[in-house]
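Before any questions on binding or motion, here is one chain by itself as structure tokens, the form predicted on its own.
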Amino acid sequence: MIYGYLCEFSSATSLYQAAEKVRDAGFRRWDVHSPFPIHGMNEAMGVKRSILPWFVFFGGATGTLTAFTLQYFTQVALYPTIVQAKPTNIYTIPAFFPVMFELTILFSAFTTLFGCLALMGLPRLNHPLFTSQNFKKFSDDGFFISVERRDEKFDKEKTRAFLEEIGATNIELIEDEDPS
């Protein structure tokens, strides 16, 4: 099973320019691999803003609502606890703030962790790119673009020709043992 193509570029500048060309060609399932962050690469790739902040917001709101419901139900409705002659009604909400704050942070943190993992498709124990000998240098001094076969514009011959046209070297066809 073919995973896609992995190709190398000589510098960060050539990688940036190639990313713009791949984006303009209409590819959707591709990625850039670099040993360091390249300023403006998200724009060059056409990456849209993540939906993760919305998940985190609703996770935090769920934490706040859970804390309020739990405390109100137990301290006011189920078993009213009278402390220093204070009323047992909705006006005792300031006493609930510490727990509401803590559960908001806790739920937001868990939503961030599990949302990130879900959106990135992790955990994946092995990635097809790890089989490439060239890919091992991406964390040191290599600049790569990988184009996946799952992309609707992917054609084995045309994609290879396109990558050669934009200046790619060491173009390698990557095989995937796990088709999922």
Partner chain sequence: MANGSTTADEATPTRMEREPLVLNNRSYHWITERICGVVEGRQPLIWWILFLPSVFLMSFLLFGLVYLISTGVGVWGNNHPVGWGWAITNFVFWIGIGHAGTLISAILFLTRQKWRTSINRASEAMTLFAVMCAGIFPAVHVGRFWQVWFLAPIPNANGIWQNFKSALLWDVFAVSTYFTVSVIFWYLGLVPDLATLRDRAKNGIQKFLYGLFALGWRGSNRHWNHYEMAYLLLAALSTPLVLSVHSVVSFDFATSVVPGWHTTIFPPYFVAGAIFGGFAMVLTLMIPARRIYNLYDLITPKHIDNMAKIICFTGSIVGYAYLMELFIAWYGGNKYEMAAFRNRIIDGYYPWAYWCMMFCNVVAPQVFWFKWCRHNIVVVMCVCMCVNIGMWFERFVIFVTSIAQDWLPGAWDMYHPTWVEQITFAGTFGLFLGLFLLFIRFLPVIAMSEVKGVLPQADPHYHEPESGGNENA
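Numbering follows the first chain given and starts at 1. Model, not experiment: these values are computed from the prediction.
Same protein, other form: the form predicted in complex with the partner chain, not shown, and the subject of what follows.
K.L.:
So in the model of the complex, does V83 come within 4.5 Å of the partner chain, heavy atom to heavy atom?
P.N.:
It does: once the partner chain is placed as it appears in the model of the complex, V83 has a heavy atom within 4.5 Å of it.
K.L.:
Does I90 make contact with the partner chain in the model of the complex, using a 4.5 Å heavy atom cut-off?
P.N.:
No.
K.L.:
Is P53 one of the residues lying within 4.5 Å of the partner chain in the model of the complex, judged by heavy atom distances?
P.N.:
Flag for P53 set to yes.
K.L.:
Does any part of K153 reach within 4.5 Å of the partner chain in the model of the complex? Heavy atoms only, please.
P.N.:
No, no contact at 4.5 Å.
K.L.:
Under the 4.5 Å heavy atom criterion, name the residues of 6-31 that approach the partner chain in the model of the complex, in sequence order.
P.N.:
Residues within 4.5 Å: A12, T13, Y16, R28, W30, D31.
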